[in-house]
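The chain below stands alone and is given in structure tokens; this is the form predicted alone.
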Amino acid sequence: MKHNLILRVASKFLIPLIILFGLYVQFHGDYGPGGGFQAGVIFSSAIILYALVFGLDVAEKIIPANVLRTLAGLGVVIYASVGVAALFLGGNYLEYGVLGSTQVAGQHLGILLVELGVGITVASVMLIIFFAFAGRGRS
């Protein structure tokens, strides 16, 4: 892999901004456009850029495959847990209104947690897919 100094410096500047934008999309998703899926893709694109610039081996050391598999499952568990919590509180599955002291507070908390679960799952699955395809042919 050829080391390009300009590309490395530019990516060191851009990757934190991409991650920050992903967090903005994640936590602003209940007020406007965005949410977990979009944030997950944005976040994973920052890690993919890191892997393309600094090498696949370095990126796999930062986020190992077993951590990605755990995060993928954790995101699904978060999503499902919000629905089960709503059931235990007397509502329907994923009826967010019963999660808070008021209907609006419950909906806000519920959608925030559901989108967090979706974002974690999407980001980790995108990285699992990228590492699987990018690592083909390696011994």
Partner chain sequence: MIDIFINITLLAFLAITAVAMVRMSNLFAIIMLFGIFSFLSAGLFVVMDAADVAFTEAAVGAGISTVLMLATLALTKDHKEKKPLGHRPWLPLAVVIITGAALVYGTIDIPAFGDAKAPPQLHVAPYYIEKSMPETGVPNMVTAVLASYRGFDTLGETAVIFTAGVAVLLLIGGRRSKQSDKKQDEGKDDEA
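Source: prediction; values computed, not measured. Numbering follows the first chain given and starts at 1.
Here the subject shifts to the form predicted together with its partner chain, a form of this protein not shown in this document.
Q: Although the partner isn't part of this model, could you tell me whether L99 comes within 4.5 Å of its partner chain in the model of the complex, counting any heavy atom of the residue?
A: Residue-level check for L99: no, no contact with its partner chain.
Q: So, V104 and its partner chain: in the model of the complex, are they within 4.5 Å at any heavy atom pair?
A: Yes, V104 sits close enough to its partner chain in the model of the complex that at least one of its heavy atoms falls within 4.5 Å.
Q: Hey, in the model of the complex, does Y93 get a heavy atom within 4.5 angstroms of its partner chain?
A: Yes, Y93 sits close enough to its partner chain in the model of the complex that at least one of its heavy atoms falls within 4.5 Å.
Q: So in the model of the complex, does I129 come within 4.5 Å of its partner chain, heavy atom to heavy atom?
A: Although its partner chain is absent here, I129 would touch it in the model of the complex, with heavy atoms inside 4.5 Å.
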